[in-house]
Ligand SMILES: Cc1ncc(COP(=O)(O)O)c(C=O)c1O
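Only one chain is given next, in structure tokens, and it is the form predicted on its own.
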């Protein structure tokens, strides 16, 4: 089952990552708790590097999950980071001392973020709209810098994915419409402080068909070829991210080399010069290595046609079910449970009827209060989207390596939830 951490196993019903019992981890670090199979995560980085080649500009999409420990791991493996906020930039800067190997994305870039990025030797800025070109020019000029930029084009090449994670097409807010791209490029090329380095396209998330990448890159290379004289230095083709990461019941999984070939083939249809590929994997690196551990509380058998299990987390640590209607596979990992299963609704602790983690969870019929439940495929867009709703403290994050448990992010205390109050 390729949606599970690679080093996960069960011994008498108790879940282990490597030789480490997740029940013991829950006991020692509390729940809810984000847990990463760190060896699996590192293996994913290596797999992308091998498939795309070390010459590729790898920029991990920090929005999926970021911590200083992960930034350090990426740096050691020759990767940079795709950032969309000053907070993400500061995490990278604090960890590695520079923003040289970063790309700054986003539909709205604050002036202070732009200045911080340029001041700290930021790599590429992805231009999302014509409005921000003047802002970038002004900031770079005032700092006496020649800032490399790539231009994000929005193509009508939508991916076959959930509409909430679609980022390309006519009715989307991302990027510059292809019909206005040449006008925007002329504005960049005439700037004295911006250096046009290439094109960026991101067509969505959970893309199963590699041909979508080929089509997008073909369109980009055609545009670049018609504006060859405006490119300064070696051209960058940023193919974005969106590489498919399976959830329970989604076993389709292409080899990464298939994606790499599709991207290069698309570029070569219209582009014959030297170029660099940039990609921004996020979910595909961290999702399946991650799980969340919960403790079961009350079990209500009088609330409809199936019993409710109430757990100690919910939409504040994983908002995806409430936002997207997504469901994550749940396991009772406490050990010694019946092989007979029944259907439960598993509800979070928040004061919202929509705080339902799983509507139809198959769990042992003797699941009881105090049992540890494990939610899978929760390494991406969970901790990074966590909140203090109801002033619930944010959960801690740990990684499990061959050597044991490493702490990545401390659990918040009650007092941490009002630390910024005046």
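Everything numeric here is computed off the predicted structure, so don't read it as measured data. Positions refer to the first chain, counted from 1.
There is another form of the same protein, the form predicted together with the ligand; it is not shown, and what comes next is about it.
Using a 4.5 angstroms threshold between heavy atoms, residue 196 stays clear of the ligand in the model of the complex. In the model of the complex, at least one heavy atom of residue 243 sits within 4.5 Å of a heavy atom of the ligand.
Residue contact with the ligand in the model of the complex: residue 205 places a heavy atom within 4.5 Å of it. In the model of the complex, residue 280 approaches the ligand with a heavy atom inside 4.5 Å. Of the stretches 71-79, 143-151, 117-125, 281-289, only 281-289 has residues with a heavy atom within 4.5 Å of the ligand in the model of the complex. Proximity to the ligand in the model of the complex, defined as a heavy atom within 4.5 Å, singles out one entry of 102, 332, 105, 347, which is 105. Although the ligand is not shown here, in the model of the complex the stretch 317-331 places no heavy atom of any residue within 4.5 Å of it.
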